[in-house]
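Single chain ahead, written as structure tokens, the form predicted on its own.
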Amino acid sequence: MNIQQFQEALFTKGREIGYADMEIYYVNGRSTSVKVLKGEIDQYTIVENGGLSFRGVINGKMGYASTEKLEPDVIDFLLEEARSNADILESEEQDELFAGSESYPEQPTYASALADTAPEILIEAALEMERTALAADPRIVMARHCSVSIRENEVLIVNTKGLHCHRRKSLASAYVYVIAADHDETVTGGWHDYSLRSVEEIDIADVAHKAVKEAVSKLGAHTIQSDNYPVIFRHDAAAQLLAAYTSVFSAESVDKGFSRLAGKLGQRVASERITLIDDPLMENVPAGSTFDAEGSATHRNEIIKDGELRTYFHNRKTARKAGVKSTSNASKGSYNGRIGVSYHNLYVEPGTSTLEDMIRKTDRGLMIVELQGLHAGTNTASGNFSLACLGYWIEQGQVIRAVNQITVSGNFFDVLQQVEEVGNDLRFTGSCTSPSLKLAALSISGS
């Protein structure tokens, strides 16, 4: 029984027993991954997951149920389970089914051939990446993790009010994490890249060489004296910091009093150099989407424009409560998760400075490239953070050496205000990205 047959049978039976309106949210995912170690296949993994959630209105109340099976005998279970919990659920504000947007953006082309990539191609790409990394520098002693994977994902939302949203996405990725050793010192470094079309499109050698460069550049690291220094968050560290605080832009967090941005719409909350955008319709990015988890057509939103807070992330429920239009940011963590609020493809708009320009204009300062302990070291309510980090010491416009055993402390909301330069090195590798950001000063604890 395919998903269309299951949905039609479910809705037919639901109407027979008294459901006024019904909706399914279906997710199906499959991934194939090859991991190699020391010239041999270490793991070959195929994972399939997904399921279907059902919600329906019966006797004036909304009930919910979910399943991982799409078999005829599950239909009665879903309808009865939803009816049972509709009878006992008490909620002041009931969810509503959405009939759909007036129009939807055109779906990006789905690379169906990617899912049919031969295992031999994944294996050879992973082996080549490992060989290249090990040969690139004699100080590389091991590729601790070296994998190439493909995955595809399908989402279908259909309801009896007329909503019908469907998308399929695929992605290939390559990741290598190497160990470099010199005398008694051991360091690590990694890199990854992706393609939405084919494994062959990923520059495997480039991924390997960049991972090696990351690792060996950390050799010879030691701490610096505690003080306030000018700080450059390289693009990857800047994205890490932003990702840790994205919840402060959620209307749910604002409504619950968990965000310091509550009541600040229209106000200056960041440097005028900062424009924060959520653009799910951007082409060739891994986190694109033409509709959200409620079936609302997505569009580009400017969360912060030239430092001014323009909007929060809204789903239909939070938008209704706030008296505004949804920003199409409804989300679901899984097929049976609750409707929440999240971003799609969030990024800081790039500036014009190269990272090399930022370094050249720094007399004495620190470039941070990796933040550690983000879960324990950040407080989203206050914005305070205290994080172990790795980076490079800069003197007279040049990178002098690697730095470790340091902690950077500050406040995210102050960081937004203090950005004095935005890089042009935006690199989309996930759903939250940033170019490099330069700040006048942050507190660094070292020796």
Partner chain sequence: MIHPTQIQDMLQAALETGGDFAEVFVEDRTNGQLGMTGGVVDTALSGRDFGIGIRIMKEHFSVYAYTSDLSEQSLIRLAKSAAKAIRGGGAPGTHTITLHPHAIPNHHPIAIIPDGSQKRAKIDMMRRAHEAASQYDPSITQTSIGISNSIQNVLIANSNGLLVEDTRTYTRMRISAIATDGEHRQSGFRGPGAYAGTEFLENLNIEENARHAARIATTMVKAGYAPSGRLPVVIENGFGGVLFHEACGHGLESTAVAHGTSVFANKIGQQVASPLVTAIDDGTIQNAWGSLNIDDEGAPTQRNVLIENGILKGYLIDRMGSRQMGVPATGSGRRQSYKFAPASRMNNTFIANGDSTREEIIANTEYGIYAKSLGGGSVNTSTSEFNFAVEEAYMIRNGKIAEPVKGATLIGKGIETLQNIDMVGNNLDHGQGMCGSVSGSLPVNCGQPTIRVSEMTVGGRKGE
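It should be emphasised that the depicted structure is a prediction, and the values quoted were computed from it without experimental measurement. Positions refer to the first chain, counted from 1. C-alpha atoms forming the largest set that superposes within 1.5 Å between two forms make up the rigid core.
The form predicted together with its partner chain is left out here; the points below concern that form.
Chemist: If contact means any heavy atom within 4.5 Å, which of 180 to 188, 290 to 298, 160 to 168, 347 to 355 contacts its partner chain in the model of the complex?
Modeler: Selected range: 180 to 188.
Chemist: Is its partner chain in the model of the complex close enough to Val47, Asn404 and Ser409 that every residue in that trio has a heavy atom within 4.5 angstroms of it?
Modeler: Yes, each of Val47, Asn404 and Ser409 comes within 4.5 Å of its partner chain in the model of the complex.
Chemist: By the heavy atom within 4.5 Å rule, which residue out of Ala270, Leu114, Met142, Met367 makes contact with its partner chain in the model of the complex?
Modeler: Exactly one listed residue reaches within 4.5 Å, namely Met142.
Chemist: Is it the case that Pro286, even though its partner is missing from this view, gets within 4.5 Å of its partner chain in the model of the complex, heavy atoms only?
Modeler: No, Pro286 is distant from the partner.
Chemist: Do Asn228 and its partner chain come within 4.5 Å of each other in the model of the complex, heavy atoms counted?
Modeler: Although its partner chain is absent here, Asn228 would touch it in the model of the complex, with heavy atoms inside 4.5 Å.
Chemist: Taking any heavy atom pair closer than or equal to 4.5 Å as contact, tell me whether Thr67 reaches its partner chain in the model of the complex.
Modeler: Within the cut-off, so yes.
Chemist: For Glu120, is any heavy atom within 4.5 Å of its partner chain in the model of the complex, or not?
Modeler: Close contact exists here: in the model of the complex, Glu120 approaches its partner chain to within 4.5 Å, heavy atoms only.
Chemist: Counting only non-hydrogen atoms and a 4.5 Å cut-off, give the residues of 258 to 276 close to its partner chain in the model of the complex.
Modeler: Those in contact are Phe258, Ser259, Arg260, Lys264.
Chemist: Does Thr378 shift between the shown form and the other one by 2 angstroms or more at the C-alpha, the core having been superposed?
Modeler: No, shifts by less than 2 Å.
Chemist: Once the two forms are fit on the core, has Glu71 moved its CA by at least 2 Å between the shown form and the other one?
Modeler: Yes.
Chemist: Can we say the CA of Asn28 moves by at least 2 Å between the shown form and the other one when the core is superposed?
Modeler: It does not reach a 2 Å shift.
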